[in-house]
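Encoded as structure tokens, the following chain is the form predicted on its own, with no partner shown.
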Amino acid sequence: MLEELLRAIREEGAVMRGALAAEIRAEEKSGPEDLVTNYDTLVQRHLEEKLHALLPQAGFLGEEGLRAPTGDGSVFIIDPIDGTMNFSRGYQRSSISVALARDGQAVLGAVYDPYLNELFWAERGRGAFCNGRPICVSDRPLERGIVMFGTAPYYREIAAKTFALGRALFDRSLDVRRSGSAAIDLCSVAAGRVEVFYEFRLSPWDYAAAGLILEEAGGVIRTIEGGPVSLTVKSSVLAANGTAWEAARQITQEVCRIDP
């Protein structure tokens, strides 16, 4: 099934990559920063059709809807375009994310960046890969690392602590980055390109696939409060390689006033 799933994702990435600016129609959902485009809907529909053919009993949880499973509880968790605002503006930092979960745990995950033609994937217990080559997190400490973060723009009430933590981590690292696609950021940690990622509120489809890829690459992903991330409800995310994890966790606890 893995090969068929990866083929489906590549096919939909070609749809994204071939989109013309004049063809992209964006609509606001909860506000001007929360967009859905006709391509989000199109890509998700295509993926559901193709994945349903691979695993008919599976349910679907995605940014554009939910369908309950009818068989063993398997659920595909889909973000058809992670980084919709980027996509709608022609800023080419967006991805397709698909995870397969069973019993509340991701067992397979794939993230495709169609603009760099990078396809990341992992199966639980079998390692992580990018375009067929094994990947692993770096061993750089926070002081020699790069931090990526998301601003959770739909929730402006948490902006102050988002940027307070960004400043604290900037003071202890080489630099900070923001791409606008949590899935790409987490895969960047997995591939050893950066060392830490955080965001105070994400949906399961933002991190389900990339979180598994990160873990299989040797990294750590937890909530900012220290617990496991959820595949059913929104969650905060703190992720890092094993070397930078403890320092990032301690700084996060101090800034957010979380008891250890």
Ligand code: IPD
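Counting begins at 1, following the sequence as shown. Computed from a predicted model, the values in this text were never measured in an experiment.
Beyond the structure shown, there is the form predicted in complex with this ligand, which is absent from this document and is the topic of what follows.
For the three residues G150, Y154 and R178, a heavy atom within 4.5 Å of this ligand turns up in the predicted bound form in every case. At least one heavy atom of I81 is located within 4.5 Å of this ligand in the predicted bound form. Although the partner is absent here, K50 sits far enough away that none of its heavy atoms falls within 4.5 Å of this ligand in the predicted bound form. Remark: C187 does not count among the residues lining this ligand in the predicted bound form, judged by a heavy atom distance of 4.5 Å or less.
The shortest heavy atom separation between A58 and this ligand in the predicted bound form exceeds 4.5 Å. Only one listed stretch (101 to 109, 178 to 186, 124 to 132, 163 to 171) carries heavy atoms within 4.5 Å of this ligand in the predicted bound form, and that stretch is 178 to 186. When this ligand is considered in the predicted bound form, only one residue from L202, I224, V220, V229 comes within 4.5 Å through any heavy atom, namely L202.
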